[in-house]
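Here we start with a single chain on its own, the form predicted on its own, put down as structure tokens.
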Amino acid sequence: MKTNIYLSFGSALLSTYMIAGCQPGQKNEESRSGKLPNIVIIYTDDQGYGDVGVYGATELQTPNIDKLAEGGVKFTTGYASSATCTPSRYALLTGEYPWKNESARILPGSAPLIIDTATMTIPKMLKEQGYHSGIVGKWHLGLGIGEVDWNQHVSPGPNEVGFDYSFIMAATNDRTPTVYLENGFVVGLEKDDPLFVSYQENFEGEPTGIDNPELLKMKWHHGHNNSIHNGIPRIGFQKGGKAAMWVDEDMADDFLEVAQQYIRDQKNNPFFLYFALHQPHVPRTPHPRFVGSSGMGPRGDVIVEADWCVGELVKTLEEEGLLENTLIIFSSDNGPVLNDGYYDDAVEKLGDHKPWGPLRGGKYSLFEAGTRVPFITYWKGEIEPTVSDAMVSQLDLFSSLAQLVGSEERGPDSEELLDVLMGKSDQGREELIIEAGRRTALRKGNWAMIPPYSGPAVNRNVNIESGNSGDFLLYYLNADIGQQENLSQSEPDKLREMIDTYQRITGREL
């Protein structure tokens, strides 16, 4: 990792305290008595239901994630709110359905912030209860209010929606800009080499993946053929800022080290850490330590790498004496995808592994594998190991965490399910709207209903079934978790009930 990351961490942390209007070490009285637990959300990117050992993976080893599940609550029916990244992250932090926000869709790296700074968020709510909050990793919720000047302080961003400390990449690792930002400043940027980013046109003289294949160490399959950095073509164009550019193979270590330092610095305060990993999103670039570790090529290797990161983070909590006072929540932003823009042997080396597990679909899909994801809660000494079939959504974290810390705040669409998350109840939510690319569907009880949608039945770029059909699709998941038997014709009363529920929640006529 670049040494300037370490050098800037302490001073930036101090400055954000001052901006927030509190002094270092200031805590409320309840935290001093040890009643407020630390909260850590570990969020992977494109990791499927079947990409974890305890969820059925036999060809891929994830011992550290498995250990959390085996010592906590493993939810078999846990959902992201969307089958794509930005909407799920919006819902997690705000407790609001993403389809209610027209801007909550996959964003370019130069997009403005889509969370209104007046909106209540998890970090804002926790701040009111005496917490310090930090985000380390992937953001992808927009920055600024329009075209961003990357050579100045970039705001609004994570710090303006409640985070006291932020160390992020703006969007995704396959999009420009390929730099880290710490509290709104590009890390390592040199004044005599300013950074420019565009999603409209290339900068004169800059090579691209489509025009300069000889410069590539990873070939693009679709859509990833603009600016080249580290031998990898990206979405979007950039120029300058060379000293600030990340090394993809070091990204896991970079994020982990900052997250570990955040824990050490905040060990005497109640803290909330949102640790948003980039794996196994494309481009998949495992550190050399993990190359070949899975036998499945880069996609499998970066999942092994992510699992190691989880283990190292938990080890840090344990070393600092915090594990027994920390609630850990592990999940993924959406379901799996194999070829998502690069040739990286994800399909060719898959073997017998099924990233989607017993489910149908994947990323971008309204079928179950798009949004049903690994979902685990762990709190040593507080949560008894159990497997829960209760339906929970990442939407519910807002209201449930508020209940945990004594806040009266609630997310607009977030149900208070603290007892469920703590393994003390199996009464989860009854109804849930899921989303994929602005299309929505309903989960209710043991049933799933997908309204008719035009468009291709298969997303050809990624070879995943979209859930589009000219007819209503209705499935009884208890008997048909793979969604193979459409019951819309044989169960008209149930279909009518599902349609009525869908219309009531969404306000959309079918």
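Counting begins at 1, following the sequence as shown. Nothing here was measured: the structure is a model prediction, and the numbers come from that model.
The protein also exists as the form predicted together with a small molecule; that form is not presented, and the subsequent description refers to it.
Original post:
Ser133: heavy atom within 4.5 Å of the small molecule in the predicted bound form?
Top reply: No.
Taking the shortest heavy atom distance, is Thr371 within 4.5 Å of the small molecule in the predicted bound form?
The answer is no: Thr371 has no heavy atom within 4.5 Å of the small molecule.
Report task. Give a yes or no for Pro112: in the predicted bound form, does one of its heavy atoms lie within 4.5 Å of a heavy atom belonging to the small molecule? Result -> Result no; Pro112 lies far from the small molecule in the predicted bound form.
In the predicted bound form, His224 touching the small molecule (heavy atom, 4.5 Å) | Yes, His224 is a contact residue.
### Message
Just to confirm, with a 4.5 Å cut-off on non-hydrogen atoms, which of Asp307, Asp174, Glu435, Asp396 contacts the small molecule in the predicted bound form?
### Response
Result of the distance check: Asp174.
Check each of Cys85, Val73, Val161, Leu195 and return the one that places a heavy atom within 4.5 angstroms of the small molecule in the predicted bound form. Contact with the small molecule in the predicted bound form is made by Cys85 alone.
Quiz item: Tell me which of 359 to 367, 147 to 155, 256 to 264, 187 to 195 has residues with heavy atoms within 4.5 angstroms of the small molecule in the predicted bound form?
Solution: Result for this chain: 359 to 367.
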